[in-house]
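The chain below stands alone and is given as C-alpha cells, in the form predicted alone.
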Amino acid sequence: MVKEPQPLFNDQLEIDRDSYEPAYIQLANILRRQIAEGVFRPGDQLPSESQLCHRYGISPMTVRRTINLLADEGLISTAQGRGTFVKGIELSEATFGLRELKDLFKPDQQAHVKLLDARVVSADERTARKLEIACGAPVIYIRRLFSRAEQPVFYHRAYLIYDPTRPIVEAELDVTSLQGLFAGGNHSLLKFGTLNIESTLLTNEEAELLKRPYPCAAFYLEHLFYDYDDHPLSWGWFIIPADCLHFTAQVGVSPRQAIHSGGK
C-alpha cells in the first residue's frame, strides 16, 4: 500500500500576533504538536524555511530560531543541502531528571532538616583528592538528615573548603543549601557542579538513621561543586533508600507534552 502524503500544514494552527509568547515559540509548539499527532513522522522532512515563512507570515530568523530550539530538544535534525527531518526515538538520548527530589523540597510543614554534626576536621586522603587540597588540611565536615512527615528520607554528608572568615554552619548551608540546590536558588559562590549516581547498600549507621532494615538497597548521589576560580568548593553525597527515589524519562514527544510545552 502506498502511503498517502501528509498535508504540509494544519490550517487550524496559527501564529497569534497578540500573544505574549514569541512567534518562534508558537511555531515550535505548532510543529511539536504536528509531530506528536503524526502529521510528521520519524524520517519525514519538515516544510522548508521559505514554506514556513510564507504559511505563517514570519521571518526567516524566526524560523531558524524555531528549528534550533527543536533540534536542541532532539526532535529534529538538519542535513545541509537536504533539509530538516523528524528524528526517530533514540533511547540513548533519554535524560533522567531529579524531579522527585525537587518535589520533596516544596515548602510545607512536613519537611525537616536535622543537623547531626558540623565541625572542622583534617582532610583524609580521599577528601583531599576530591577538593584538591593537601592531606590533613582543615575542612568543614557536616552531616544532616532530611525527613518528611517524620519519616527519614535521606542522609547527607559533605566536606567544604575551610574559610576561617565564615561561620562554619552558615558557610556550608549557604553553599550547599538543600532546598536552594533543588529549587534553583541563587548560589553566588557556585559556578558549576558534577553529580554521580550509583547503587549501594546502607551501612549499619545509615540504616539506623534512615529507619530501614539492614542491609537495604539505596542510591548514592555524589556531588562536587566548584567556585568561580574553577576550584572544588564542596564535596559530599546523599544516601537515599531505593524506595524513595525513582527515575523516569520520556523519549519522543507526546500529545500532552506538545499541548503544554508553551514557553519551553
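These numbers come from a predicted model, not from an experiment. Rigid core here is just the name for the largest C-alpha set that superposes within 1.5 Å across the two forms. Numbers for residues come from their place in the sequence shown, where the first is 1.
The next section is about a form of this same protein that is not shown, the form predicted together with the DNA.
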{"property": "Site check Ser48, Gly57 and Arg82: each within 4.5 Å of the DNA in the predicted complex by heavy atom", "result": "yes"}
{"property": "Option touching the DNA, based on a heavy atom within 4.5 Å in the predicted complex, out of His231, Arg41, Lys211, Arg64", "result": "Arg64"}
{"property": "Exercise: Thr78 in contact with the DNA in the predicted complex, heavy atom 4.5 Å", "result": "yes"}
{"property": "Exercise: Ile240 in contact with the DNA in the predicted complex, heavy atom 4.5 Å", "result": "no"}
{"property": "Any non-hydrogen atom of Arg17 within 4.5 angstroms of the DNA in the predicted complex", "result": "yes"}
{"property": "Contact stretch among 231-239, 192-200, 22-30, 213-221 - heavy atom within 4.5 Å of the DNA in the predicted complex", "result": "22-30"}
{"property": "Displaced residue check between the shown form and the other one: His223, CA, 2 Å or over, core reference", "result": "no"}
